[in-house]
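The form predicted alone is given below as one chain in structure tokens.
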């Protein structure tokens, strides 16, 4: 668990320079899981070195994988995993501690549900114990799994492995974690499992499973209007084994986005970020920034680990308000708090709708963002499924509480650099959950 540390971020004269984006958290989680449940050895370069992703290494180690992790470049590890096979997980003596990692607890549930004859308990920190698990428990039960949760469908989660049967599952809300959980369980089920998503969500699991040899197919709809969400049906066949080839984890756009935002709202700023993953299911933020009139340059630069990568350049300039609708939420879910921050510096009122999923993250991010922005002198209003922010030309500054949420902690730091008086972030240590080097990287840009 990240140490509780407060930090103050004074107004910046300007920001200048170039950074390399930290390794992608979502891809790191998936690589460790598929490597652990795979056959043979998997080598992962630029695996994110953070509390969340170390929890995933510890989890597969506790299930029987041999895991060797050595320091790589800044903020990364070079990881070698000798897997135990799709059906070879060993039941540990005690609960598996997932820490604060929501991706880990949901995806791992799908893989454990089909470990016939063995039982597992998944638990974590106080934040994890507040997260809804019914969204994965329900489809797993339809597949024949024995899944029990604590009161209110929250962790700890107890899973008794059983033979699974294939299902067709319609996602009530677009969610990459729920989709991935069902697809991973489908590897262990009898018959072809299909998942219908109402809008495109990040497809890292699909890309990696295909690379590891899974028989997975995606059929995307053709929307009537360009603004309509792109629904899809993903089907997966049962597998005997997975073999994940050596891979390099690309940079995380969700983490790089904080430096991008700083470049847009700190006067005189000119920031460049290299090695950013540009997966089409992750770049909804770039479309929103385009509508806001942001000065952002994108340069594509090839592929890493089967994912498109490139560089971003952000320069300070005038911003205008934008409407973010439900069709954009799935591809921007982690960056929506930053859109709220940018809206404080934009002309007009920005509205984010259809984002009720934000209430089920590391904290209730709707209330968290609104509370933080208002505490710093902004004009924000919570909506049932999002929030509205009226631009005031900037932020006064002051003090805000991260609520133990790494993304709110980093938002507060960026707000401080662009504010009039600076910002003190309570429990800034939460940032280490996903990006331990964030503060050092951000301060390195101070001109």
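Numbering follows the first chain given and starts at 1. None of the values given here were measured: they were computed from a predicted structure.
Missing here is the form predicted together with shikimate-3-phosphate; even so, the following discussion is about that form.
Engineer: Indicate whether residue 98 is a 4.5 Å heavy atom neighbour of shikimate-3-phosphate in the predicted complex.
Structural biologist: So residue 98 does not count as contacting shikimate-3-phosphate.
Engineer: Within 4.5 Å, heavy atoms only: does residue 361 come near shikimate-3-phosphate in the predicted complex?
Structural biologist: Within the cut-off, so yes.
Engineer: Does any part of residue 176 reach within 4.5 Å of shikimate-3-phosphate in the predicted complex? Heavy atoms only, please.
Structural biologist: Yes - in the predicted complex, heavy atoms of residue 176 and shikimate-3-phosphate come within 4.5 Å of each other.
Engineer: Wondering, does residue 259 line up within 4.5 Å of shikimate-3-phosphate in the predicted complex on heavy atoms?
Structural biologist: Because no heavy atom of residue 259 falls inside 4.5 Å of shikimate-3-phosphate in the predicted complex, the answer is no.
Engineer: In the predicted complex, which of the stretches 343-351, 269-277, 99-107, 310-318 has residues with heavy atoms within 4.5 Å of shikimate-3-phosphate?
Structural biologist: The contacting stretch here is 99-107.
Engineer: Could you check which residue among 283, 333, 199, 242 gets a heavy atom within 4.5 Å of shikimate-3-phosphate in the predicted complex?
Structural biologist: Flagged contact: 333.
Engineer: Just give me the single entry in 56, 402, 419, 26 that has a non-hydrogen atom within 4.5 angstroms of shikimate-3-phosphate in the predicted complex.
Structural biologist: Of the listed residues, the single hit is 26.
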